[in-house]
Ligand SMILES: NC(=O)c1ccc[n+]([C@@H]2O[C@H](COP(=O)([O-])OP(=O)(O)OC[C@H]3O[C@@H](n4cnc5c(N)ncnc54)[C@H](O)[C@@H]3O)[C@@H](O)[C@H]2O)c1
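Form predicted on its own, single chain, as C-alpha cells, below.
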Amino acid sequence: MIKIGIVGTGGMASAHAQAFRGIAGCKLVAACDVVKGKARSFAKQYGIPAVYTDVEEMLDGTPVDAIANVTSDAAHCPVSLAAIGRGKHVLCEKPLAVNYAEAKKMAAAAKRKGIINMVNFSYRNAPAIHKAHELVNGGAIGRVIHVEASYLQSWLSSTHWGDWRKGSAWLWRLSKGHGSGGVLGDIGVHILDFASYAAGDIKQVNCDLKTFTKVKGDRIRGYKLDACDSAVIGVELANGAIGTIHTSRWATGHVNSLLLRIYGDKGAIVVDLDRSYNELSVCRGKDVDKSKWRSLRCRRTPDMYHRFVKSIKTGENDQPDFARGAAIQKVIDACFASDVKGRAVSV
C-alpha cells in the first residue's frame, strides 16, 4: 500500500485526492495546509485520518511514502525539498518552481536521493499529445519547420469559472507579491511543455508580456494585480524550426483551449484539445498535394497519477520528471528576461 500525503488543500487538491482514491494500492493518509480549517474540511471530505498545518510535522508525524505537492507556486520548492530530504517520492504541481535556480536545485536533490519525482503537466494526460510526439520523432512529417501553439482562457473576461474578483483562489494568480508568475507561470508553463514535448526543445525565445488594467488602482484588498495576463512568444527550436506560442486569460469564448500545429517538410499534425483528447489530425503522404486532413484515433495512455504510482512501484521514473520541469522553467525565465530586454534571449 502506497501511503500518500497531500500538501495544500485548495481547489486542485481535490483532483489529486479523487485520482489517487481511484488507484488500487493507494491510500490517502494525511492532509496539510497552513489554514487548519481548510485542511480539516478537506480531510473530512476525503476520509483522510491525519491533519496538519506544517509539512515538516506531517512528514515526521505520519508515515507517508509520497506527497502530492499542491501548494502555491512559491511553496513548491521548500515543500518538495522537505519531502525529498526524508526520502519521500514527490508529485509536484506546475510550475516546478518560481525560477530556474530553484527548479534546478529540486531536480538535483531528487536525483541525489533517488526518489520518484514528477511534475503534474496535466495535459500530458491527453493521448493525442503522446501520439504527436511519437509521429514527429518517428519522422512521419519529416523535418519540423514551423510551430504554432496556444493556450487560451477567458476567466478575466467572463464568469464561467466564477468571479475572479471575489476569491483568493483567483486573485493570488494575478499578484506577483503572492508568488504568481502570471499567465506564464499559470498556463503558459503548460503550453510550453505541450508544444515542445511534441515538436522539439526550445533554444531561443522572443517574448512580449502584457498586464492590463482590471480595476481602478490595480488592487483588490491585499492583492496588487501586477502579474502578466497575456504572453506572445516567438520561438526557435533546437533543430532551427521557428514558430509562435501565445497564451492569455482574456480570450473571450475560450474556457480552456489548447491548440498545437506542427508543420514539417513532409506533412503536418494538429492537436486540438477542444475537439478531442483522443484524436489528432494529420496531413501527410499522398494527402499533402490535396491538402487533405485525416483524423487519427490515439491509443489510451495512463494519466499522470497512475504513471506516478506505477513509477513508485517499479522504481522507474516516468516523464515528465523534475529535470523536465526545470527545463521548462528555464524557458519561462528566458521569456521574462526577453520581455525586460526587448529582444530574443537564448534558453
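Just count from 1 along the sequence shown to find any residue number. Remember, it's a predicted structure, so these values are computed and weren't measured experimentally.
A second form of this protein, the form predicted in complex with the named molecule, is not displayed here; the remarks below concern that form.
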Considering non-hydrogen atoms and a 4.5 Å limit, does the named molecule approach N120 in the model of the complex?
yes
My question is simply whether A238 lines the interface with the named molecule in the model of the complex - judged by any non-hydrogen atom within 4.5 Å.
no
Any of the heavy atoms of T71 lying within 4.5 Å of the named molecule in the model of the complex?
yes
Answer with yes or no whether G8 is in contact with the named molecule in the model of the complex, where contact means some heavy atom within 4.5 Å.
yes
Picking from I48, C32, I67, L280, the single residue whose non-hydrogen atoms come within 4.5 angstroms of the named molecule in the model of the complex is C32
In the model of the complex, which of the listed residues (R124, H89, H76, R249) lies with a heavy atom within 4.5 Å of the named molecule?
H76
Counting only non-hydrogen atoms, the one stretch of 91-99, 239-247, 263-271, 199-207 within 4.5 angstroms of the named molecule in the model of the complex is 91-99
Quick check: do K131, V147 and R284 each get a heavy atom within 4.5 Å of the named molecule in the model of the complex?
no
